[in-house]
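This document starts with one chain, in the form predicted alone, laid out as structure tokens.
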Amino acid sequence: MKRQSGYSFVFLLIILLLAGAIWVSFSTKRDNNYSRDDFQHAAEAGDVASIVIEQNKEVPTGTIHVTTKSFSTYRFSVTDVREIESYARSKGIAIRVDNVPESNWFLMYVLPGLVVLIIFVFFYSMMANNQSGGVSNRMMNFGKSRAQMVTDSKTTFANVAGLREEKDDLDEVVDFLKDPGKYTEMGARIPKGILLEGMPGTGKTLLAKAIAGEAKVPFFFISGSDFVEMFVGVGASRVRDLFADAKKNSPCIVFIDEIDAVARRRGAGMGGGHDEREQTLNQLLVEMDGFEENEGIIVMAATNRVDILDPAILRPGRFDRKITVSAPDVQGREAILKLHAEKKHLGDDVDLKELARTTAGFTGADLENLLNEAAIKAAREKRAYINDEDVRKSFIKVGIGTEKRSHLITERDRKITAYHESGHAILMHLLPLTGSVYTVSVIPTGEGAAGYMMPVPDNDDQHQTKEQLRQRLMVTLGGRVAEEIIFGDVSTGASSDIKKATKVARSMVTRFGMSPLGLICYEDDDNEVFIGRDLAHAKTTSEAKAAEIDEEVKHIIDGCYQEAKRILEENLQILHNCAALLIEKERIGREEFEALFVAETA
């Protein structure tokens, strides 16, 4: 400390000397080494081009500014400027007389003082910043952990709906954090790591917050990308610092969100074995289960790409337990909707149970967004309650996209779109394994489609049979079939349908074993480059077998196309009626659509 104080004193003395020198430079005027005799010699020699007479307040004293014919400038002071003026006129020298200058107190006294003060403050702040660490301190902190610690989380399991089994699996972790003694006496070891995996929006991060709130223990949270930097060794340093802080606050929870950013499979893609990301992963592996024990620290992580994680981090002793957080079922969706509806004003016509049934496949984030969009619509229209129409339109907006009513559509395009979407809808209604029709529309959407047919699954099916997939293919191809039947020609509007149909049919052949080629997997989706897999991998099929696969895919699609064409031709009048109603109303709901079949059979 004494040495640091000595440095500060020397630094301050240098600042004062510099400030004094600046003050002197501002307040002192220096004259050139030029005299009246020099001026007269130059004038006699005809070397003076002009002079400027600057009078002082003490008239007739003043200063003479001389400009020679070689453009050199000089100045000298005299006691009587009138003598110099008379002499210059006799020599034919150009003369200019300036007025007596007025004193500028700001320039003479205030400005130099301000400059000195600004310089003093600047250097003093630099010195103070250096004493407290400053830039060097920030550089030292570059390898520090960026994890934030929460000690009083307000989120509990009461804030998590629709995840009953997942909460049951995590209850024992909470119990261990509250009372670890009864487990250690029994010789049990609580899982060191818990990996939450599932599709985006299912509530993985929310579950981690709820555990911290239930257990009332410190909760460190950080993103996987916060470890990785361009400088080698920084990520590993941050991992060490994170676990050092966790040890000081144990028992605690360390939560790493999106862990796939730092824990991808090593030696994959274009990277080598010594890049920064892999060094960070190596340190994480050691900290979770290395030579030293981390008692009382439970590591939780979340990812939706568990397939690309390094096998070493998934073994027992690191992430012992893997909990799949899946999309909620109909009961879970109803519970989530009720939870998010508590702070919203719902009208009597909003049926959350029916809404839960029609939102199969929605995650918790999707359901929250659905009600939020409905609340925004009600507030924009200055209504006190959310009605059923708000929910229906928000359902379409979230599921399909925003309708673009301002787009100019020709009558020909509108007619093609009406028959196209009617073909999809009629096949979905008539085929028993495809679900129900929610809405059919010829209004363009934000997804670039000229219209849409929005389906609603009747059940939360976990598995799909071969016949279900075939019927899905028929519905997908229904728009193209309707165009061919009505117009005798086809348009480009079915391009996305063809792509979807090809993908489903190829999966039936190469992955699901639903073709004469047998129960063999001809397609391996795990060998993707740049997401954690090897750069080069062997082909799983020969050229001859690839040709057989293509032929079988074509056979499935052609068969579904002909079957869809037969069904639509048998219901041609309903196709005309549905298209005409769409052209008239632009959008029809489930009740209006199903009424077309009732009227036809009556």
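Remember, predicted model here, so these are calculated numbers, not experimental data. The first residue of the sequence shown is number 1, and the count goes up from there.
The same protein also exists as the form predicted in complex with a small molecule; that form is not shown, yet it is the one meant from here on.
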Which of 414-422, 205-213, 306-314, 67-75 lines the interface with the small molecule in the model of the complex (heavy atom within 4.5 Å):
205-213
Under a 4.5 Å heavy atom criterion, is D80 part of the interface with the small molecule in the model of the complex?
no
Would L339 count as touching the small molecule in the model of the complex under a 4.5 Å heavy atom rule?
yes
When the contact criterion is heavy atoms within 4.5 Å, does A188 count as touching the small molecule in the model of the complex?
no
Within 4.5 Å, heavy atoms only: does N159 come near the small molecule in the model of the complex?
yes
Let me know the one among E368, D171, D241, E354 whose heavy atoms come within 4.5 Å of the small molecule in the model of the complex, would you?
E368
Though the small molecule is not shown, can you say which of P455, G201, G224, G493 has a heavy atom within 4.5 Å of it in the model of the complex?
G201
